[in-house]
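Before any questions on binding or motion, here is one chain by itself as structure tokens, the form predicted alone.
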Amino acid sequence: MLLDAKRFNVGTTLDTDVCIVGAGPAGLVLAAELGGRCDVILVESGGDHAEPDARALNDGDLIGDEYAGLDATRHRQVAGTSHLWNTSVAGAHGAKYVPLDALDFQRGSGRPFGDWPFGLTELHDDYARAQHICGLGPLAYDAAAWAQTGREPWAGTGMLVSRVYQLGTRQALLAPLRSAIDRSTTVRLCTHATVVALHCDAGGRRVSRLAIATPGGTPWNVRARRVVLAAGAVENARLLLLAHDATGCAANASGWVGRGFMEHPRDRAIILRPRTAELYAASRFYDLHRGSGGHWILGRLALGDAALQAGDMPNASATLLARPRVALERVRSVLPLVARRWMPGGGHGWSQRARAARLFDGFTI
């Protein structure tokens, strides 16, 4: 059921079993899973379409390391930041998927922040369900499971191993979720509903009420037995810190809320220049292609367990993007449609080109 908070009366208070803050992919999945089991209110700061006023709420000042920006990396609208996905999958907007590795959960003693309280095995069944929800293939990310004749992965070294990303479209993930929520009689999706404060019960240990603002309207409230924050890393932390400082909630008892932000830094400094033209054919596994079952995959080079255990370093993956020769770049600037036929898809698709050595002069890693 879809509700527009702009139409609410003054002083409206909605009661529910579970209130989910944020109707991005995480919030939509949880709402669809809980539908039919309990009463759910899903509140979204934006609307069904992109709106400048909602986007303006993302802006903020940055101090410290260089970053793309709070506005460029977040989006207030039903389906959230999936509207910013920029991986092309068969001409549709999509994303690359990959689960955490076992060593991401346990990297040895002496680390300043400790290990996770559970391991990869505890998440296996949930990951398998997530594969289905996202419209992906089987829960298999090692290269051997996807090798085909003519698209074989390189031999691993122990330090570097071959694995894959699976790719899925935004529509494959969102369409079934949105359909389920629209049909549900126990899930209410409220748009134009920006949470501005979390209020706790007398003990300060449980959020019992959310104060919500609507553009052009008056504040209103949701009372809930359980509250789930699914508004993204920055907004989740902001709401918890605000609650801790302003309303007496014990939302930052550890002192670590907002201090664990991590992004995906990208580096393009490494260039691989083939000694022979045969390397392009031998590297076809690492281009975007359909694997077994028709699922889209992209081969990648990953840090092996030996590399992760050898030093205190973050996990990483590398992909191969063909580098067009200078002549092709000139064609791209003058005749972009012609160049796109030669080199489609933002750097992917190079393995389909005949005489690749004439078009490209190596790979950006």
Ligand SMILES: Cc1cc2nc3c(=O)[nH]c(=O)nc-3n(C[C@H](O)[C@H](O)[C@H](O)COP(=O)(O)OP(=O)(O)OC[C@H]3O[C@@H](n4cnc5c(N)ncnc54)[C@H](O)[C@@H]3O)c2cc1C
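All figures in this text were calculated on a predicted structure; none of them were measured in a lab. The first residue of the shown sequence is 1; numbering continues from there.
The same protein also exists as the form predicted in complex with this ligand; that form is not shown, yet it is the one meant from here on.
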note = Among 276-284, 133-141, 67-75, 117-125, the stretch whose residues bring a heavy atom within 4.5 Å of this ligand in the model of the complex is 67-75
Partner contact for Thr214 in the model of the complex: this ligand, 4.5 angstroms, heavy atom = no
query = Is Leu241 close enough to this ligand in the model of the complex to count, meaning some heavy atom within 4.5 Å?
reply = no
message = Check Ala231 for me: does it contact this ligand in the model of the complex (non-hydrogen atoms, 4.5 angstroms)?
response = yes
inquiry  = Please determine whether Val187 contacts this ligand in the model of the complex, using a 4.5 Å cut-off between heavy atoms.
reply    = no
ask   = Tell me, which of Cys38, Ala306, Ala316, Ala26 has a heavy atom within 4.5 angstroms of this ligand in the model of the complex?
value = Ala26
task = State the residue from Ala237, Cys249, Val195, Val227 whose non-hydrogen atoms include one within 4.5 Å of this ligand in the model of the complex.
result = Val195
key: Within 29-58, the residues that have a heavy atom no more than 4.5 Å from this ligand in the model of the complex   = Val43, Glu44, Ser45, Gly46
